[in-house]
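One chain comes next, on its own, written out as C-alpha cells in the form predicted on its own.
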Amino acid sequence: MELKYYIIRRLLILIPTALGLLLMTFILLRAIPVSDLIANYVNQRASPAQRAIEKQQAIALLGIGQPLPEQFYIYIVDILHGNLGNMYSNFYSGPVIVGIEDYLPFTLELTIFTVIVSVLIAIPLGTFIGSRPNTVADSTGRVFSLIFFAMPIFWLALVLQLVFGKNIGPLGAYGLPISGQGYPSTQQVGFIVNGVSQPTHMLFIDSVLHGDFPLALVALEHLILPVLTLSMSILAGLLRFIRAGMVDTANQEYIKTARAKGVPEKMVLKKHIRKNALLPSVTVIGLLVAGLLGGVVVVEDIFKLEGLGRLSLAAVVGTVGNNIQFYGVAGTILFFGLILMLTNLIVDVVYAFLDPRIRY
C-alpha cells in the first residue's frame, strides 16, 4: 500500500475516534445536574437581572428539554463553531476556547522543548548502554531509568524548585517576565502586542526570531527546570525501550552475517543495530506524550506557569461560589484528547515511512 493511502486510512479511523471522544465528554456533561450545567454559562458576579438573562440563553443554547440525540447534535455543532462553553475562576474567566487559545502556546513550547531534550539525550545514551549489555554502564543506565520512571513527577518538580529555583522570579501573564524583578520590561518590546509575543505566541521562539537574545535568555531560564522535570520520565521510558531494542536487534541473524562479512563494528552499530532498534521507540514516544500531558498540569502549577495545565486545574478548582467549572474541565479534556489523537497519527505516519511493512 502506498503511503498516501495509508495516511488516508488513518485519517478515516480518526473520525469514529473523535466521535467517541465527543460522546464521552457529552455524557460527562449531561451526567451533571441541569442547574449546575446552566450555572457554568452564568457569570455569578453579574447582577441578578443579567444572571436571569444568561440562564435563559443557556437553556436555549444547550437544548435543555430536547431529546438526547438532538442535544448531542447541538453539542457537536457548538464544538465545530468553537463554542466550548464558559468558565469562571480566579485564574481565568471567559469562553473556554479563548482560554485555550491564550494559554496553549506556553504549554506547547514546554512540550516541544521536553520532547527535543528527551530524544536528543535518549538516542545516544540508549545506544551507548544498549551496545554494552550486562556491563557497569548498562546496569547504571537501567537503574537510572527505573528510578526516574517510577519517581512521582510532582516530587521531582518540588525538589528541583527548592534546590535550583530560589533565584528565578515568577512569570506574569502569558509567560511574560515581570518588570521590576531584575528582568527587562516587556512593555516596550515591539513584537509583544497586548501582552502576547508575536508571531508564535511563544516567548523564547519569538525572541530568537526577532534577535532579542537577552529576553530569550530570560524565557529560557524559566523553561529549564520545568523541561528537566518533564524530560526525566520520558527519558527514562525511552532509555528502556532503546536499550531493549538494541540488545534484541544485536542478536538477529543479519547482524551476525554483517559481522561475519567483516563490516566494521561502528557501521554495524549505526547502520544496522541502532536504525532498526529505534523503530519501536517511535511508537513509544506517542504513548509517552499521554503521560506528558498529565504531567504538564502538575508542573505548571508547581512552577506557577500560565499554560493549559493551569487552565484545566483552575476549571477543577473554580471559584468559591461555584466550584467545578464543568465546561472548562470538558473543554480541556477534549482538547488534550485531540492532541493525543493527532500525536498518534503523526507517530503512525512516521513509523510507516520508516518501516514500509507497517502499511500492509
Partner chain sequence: MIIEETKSEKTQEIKPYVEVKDLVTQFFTARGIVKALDRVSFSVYPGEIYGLVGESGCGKSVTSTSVMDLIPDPPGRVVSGEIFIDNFNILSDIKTLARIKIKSETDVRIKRNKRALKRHNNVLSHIRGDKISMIFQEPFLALNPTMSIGEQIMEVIMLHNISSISESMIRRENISSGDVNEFITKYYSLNDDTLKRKTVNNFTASYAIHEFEESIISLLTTSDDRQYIETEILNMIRENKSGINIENIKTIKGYYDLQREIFQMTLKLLQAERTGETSAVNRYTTEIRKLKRIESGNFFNLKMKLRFAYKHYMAEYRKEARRRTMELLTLVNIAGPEVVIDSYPHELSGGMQQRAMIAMALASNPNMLIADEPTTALDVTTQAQILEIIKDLNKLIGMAVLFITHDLAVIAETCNRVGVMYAGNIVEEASTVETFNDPKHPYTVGLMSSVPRADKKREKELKLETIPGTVPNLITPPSGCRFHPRCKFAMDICSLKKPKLVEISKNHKVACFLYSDESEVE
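Positions refer to the first chain, counted from 1. Everything numeric here is computed off the predicted structure, so don't read it as measured data.
Note that the form predicted together with the partner chain isn't included here; everything after this is about it.
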| property | result |
| --- | --- |
| Which of 114-122, 78-86, 205-213, 259-267 lines the interface with the partner chain in the predicted complex (heavy atom within 4.5 Å) | 259-267 |
| Close approach of H201 to the partner chain in the predicted complex, 4.5 Å, heavy atom | no |
| Contact flag, Y254 vs the partner chain in the predicted complex, heavy atom cut 4.5 Å | yes |
| The partner chain contact in the predicted complex: L220, any heavy atom under 4.5 Å | no |
| Partner contact for N276 in the predicted complex: the partner chain, 4.5 angstroms, heavy atom | yes |
| Interface residues of 10-36 toward the partner chain, as seen in the predicted complex [heavy atoms, 4.5 Å] | none |
